[in-house]
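Coming up is one lone chain in structure tokens, specifically the form predicted alone.
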């Protein structure tokens, strides 16, 4: 699929479940970086998370797809949910690179995940596949509060060139951006707790997601 000139964002996560905090972030990133499409990619078997409290991958995918209906720029991607084995971001980015030939890819991740990037599988290869957008949903800009020594993992300190306070360039030509999104004090763990207690999920998740959770009795223990 030739997508030369397209700007495509990739936002992976457990989405257990997807909620308004996720959706607001991807919409703000899409606008700020003039992205044509944003793909939300639920992970099937997250390597860094325990599986006992995670809803089945297919359910999380269906909730994401329901949540993005009505927005022509947002999509739910089944790649990680339908593949075998753990979900590794480097494999997902390589798949997007093959599927959307010629497109500019932007990989979105949170600040906490960025600080652990050197623990990811084949993490050095990631910077040859896409630009990075590191987001903060905490109502602050933590990259302004730390030294350069803490901003990058040790192995990356000398391979990024400074362009601006929120942008660095990797030697592959891809860029690393930092972006502060609007803080919405909603978490997936909070939603699971509300569901387990039998309380309302209205206004925490899209109505279509709330109905799906109730119909399939997810997170009820």
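Given the structure is predicted, the values throughout are model-derived calculations rather than measurements. Think of the rigid core as the biggest set of C-alphas that the two forms share within 1.5 Å after superposition. Residue numbers count along the first chain shown, from 1.
The same protein has a further form, the form predicted together with ligand ATP, not shown here; the description that follows concerns it.
**Q** Using a 4.5 Å heavy atom cut-off, indicate which stretch of 62 to 70, 161 to 169, 187 to 195, 28 to 36 touches ligand ATP in the predicted bound form.
**A** That would be 187 to 195.
**Q** Residue 14 versus ligand ATP, in the predicted bound form: is there a non-hydrogen atom within 4.5 Å?
**A** Yes, residue 14 lies within 4.5 Å of ligand ATP in the predicted bound form.
**Q** Mark residue 110 yes when one of its heavy atoms lies within 4.5 Å of a heavy atom of ligand ATP in the predicted bound form, and no otherwise.
**A** Heavy-atom contact with ligand ATP at 4.5 Å: present for residue 110.
**Q** So in the predicted bound form, is ligand ATP close enough to residue 9 to count as touching (4.5 Å, heavy atoms)?
**A** No.
**Q** Would you please decide whether residue 22 lies within 4.5 angstroms of ligand ATP in the predicted bound form, comparing each non-hydrogen atom pair?
**A** Residue 22 belongs to the contact set for ligand ATP.
**Q** Honestly, after the rigid core fit, is residue 138 moving at least 2 Å at Cα between this form and the one not shown?
**A** Shift of 2 Å or more: yes.
**Q** Relative to what we see here, could you say if residue 17 and residue 138 have their Cα atoms closer or farther apart in the predicted bound form, with a change of 3 Å or more?
**A** Farther apart in the predicted bound form, by 3 Å or more.
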